[in-house]
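In the block that follows, a single chain appears as structure tokens, in the form predicted on its own.
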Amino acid sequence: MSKTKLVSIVVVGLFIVIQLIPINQSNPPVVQEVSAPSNIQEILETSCYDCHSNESVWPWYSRIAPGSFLITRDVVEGRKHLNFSDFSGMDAFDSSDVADEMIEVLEAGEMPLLPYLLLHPSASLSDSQTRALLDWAQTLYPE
């Protein structure tokens, strides 16, 4: 058996084995929906909810390892930083931190993440959508 054939068999075998590793891609219950104007709500649902809510849509490719590990990690981390399904129950201090963080990442153009946009081009934010989100974020905790 050639070295190339043996390496191919090992790689395919490992790919099959990692499919058996369980991944939790559940959506916890929504605690309290974010209260936002309808235009903002639409932007959030289109561009933010898959990673920043308990209403993530898990497409078929999110179940294939090793991509499933990366996608699940991104959603878990996204929910830790900001979860619109548990957003309105925050106290003033948390709201201020979240608003500041939202403004910072929007102004830097860091969200949505490029890998997400490659698979979900409709989630890309226009300049007017970014401006609307920035204006809304500034109303969350007026100084």
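Note that residue numbering follows the sequence shown and begins at 1. As the structure is a computational prediction, the values presented were derived from the model and not from experiment.
This next part talks about the form predicted in complex with heme C (HEC), which is not shown.
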For this session: Using the partner position in the predicted complex, report whether Asp86 sits within 4.5 Å of heme C (HEC), counting heavy atoms only.
Result: no
Exercise. Is there a heavy atom of Ser47 no more than 4.5 Å from a heavy atom of heme C (HEC) in the predicted complex?
Worked result: yes
Exercise. Quick one: is Val34 in contact with heme C (HEC) in the predicted complex, heavy atoms, 4.5 Å cut-off?
Worked result: no
For this session: Answer with yes or no whether Ala65 is in contact with heme C (HEC) in the predicted complex, where contact means some heavy atom within 4.5 Å.
Result: no
Seminar exercise, completed: Exactly one of Glu101, Glu55, Glu107, Glu42 comes within 4.5 Å of heme C (HEC) in the predicted complex through a heavy atom, and that residue is Glu101
For this session: Select from 70-86 the residues with a non-hydrogen atom within 4.5 Å of heme C (HEC) in the predicted complex and write them out in sequence order.
Result: Asp74, Glu77, Gly78, His81, Leu82
